[in-house]
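Just one chain follows, in the form predicted on its own, and it is written as structure tokens.
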């Protein structure tokens, strides 16, 4: 089974790319410190991937945007990367909100991602 046609809850074997992202500390419009990572995600087991504007083929968590010169861009994250794990947490079987909350929680993200054309044939 391909990493990009994975059904949540089933085992998969694939190559993955390790990405370590150190978030930037910035002040928001109210002067509070926030940690910025510079990417957006889509997908999740609660989403219908067939309605995705990016035409994803499963319910995984995918990178939908990487801001230029952001911590994500500097770490090597790319648009359409599929995030398999973040700090050891399995993102192949989680909802969109859980993935967002988990990514927001930590100042450093140690991720494993799959990338079309690199981690599968």
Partner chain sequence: MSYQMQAQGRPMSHGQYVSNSPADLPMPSVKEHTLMWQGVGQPGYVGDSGIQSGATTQAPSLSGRGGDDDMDTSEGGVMLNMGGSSGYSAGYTQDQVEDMNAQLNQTRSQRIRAAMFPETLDEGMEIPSTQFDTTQPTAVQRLAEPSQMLKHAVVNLINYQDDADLATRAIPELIKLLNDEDQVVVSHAAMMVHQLSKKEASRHAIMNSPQATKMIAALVRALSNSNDLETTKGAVGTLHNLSHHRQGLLAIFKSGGIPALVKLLSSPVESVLFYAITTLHNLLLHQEGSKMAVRLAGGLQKMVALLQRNNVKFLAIVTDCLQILAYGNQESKLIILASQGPMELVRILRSYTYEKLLWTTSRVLKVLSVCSSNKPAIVEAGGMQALAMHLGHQSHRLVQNCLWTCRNLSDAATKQQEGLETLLQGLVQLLGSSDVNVITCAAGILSNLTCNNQRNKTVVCQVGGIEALVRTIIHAGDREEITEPAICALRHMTSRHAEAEMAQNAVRLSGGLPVIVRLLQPPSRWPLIKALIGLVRNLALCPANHAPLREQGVITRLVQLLIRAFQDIQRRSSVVSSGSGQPQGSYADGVRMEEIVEGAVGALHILARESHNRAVIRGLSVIPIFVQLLYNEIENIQRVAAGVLCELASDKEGADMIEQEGATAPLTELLHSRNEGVATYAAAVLFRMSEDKPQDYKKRLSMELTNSLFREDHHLWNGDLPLMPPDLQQDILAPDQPYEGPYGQGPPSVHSNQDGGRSYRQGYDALPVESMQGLELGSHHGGPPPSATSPTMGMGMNMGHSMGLPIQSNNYAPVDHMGSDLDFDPLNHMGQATPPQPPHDAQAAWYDTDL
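Residue numbers count along the first chain shown, from 1. Please read all numbers here as calculations on a predicted model, not as lab measurements.
Only in words, not in the display: the form predicted in complex with the partner chain, which the text now covers.
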State yes or no: in the predicted complex, is some non-hydrogen atom of residue 89 no more than 4.5 angstroms from a non-hydrogen atom of the partner chain?
no
Residue 42: touches the partner chain in the predicted complex, heavy atom cutoff 4.5 angstroms
yes
Counting only non-hydrogen atoms and a 4.5 angstroms cut-off, does residue 53 reach the partner chain in the predicted complex?
yes
For residue 22, is any heavy atom within 4.5 Å of the partner chain in the predicted complex, or not?
no
Each of 85, 93 and 108 within 4.5 Å of the partner chain in the predicted complex, by any heavy atom, yes or no?
no
Does anything in 74 to 113 come within 4.5 Å of the partner chain in the predicted complex by heavy atoms, and if so which residues, in order?
79, 80, 96, 100, 103, 104
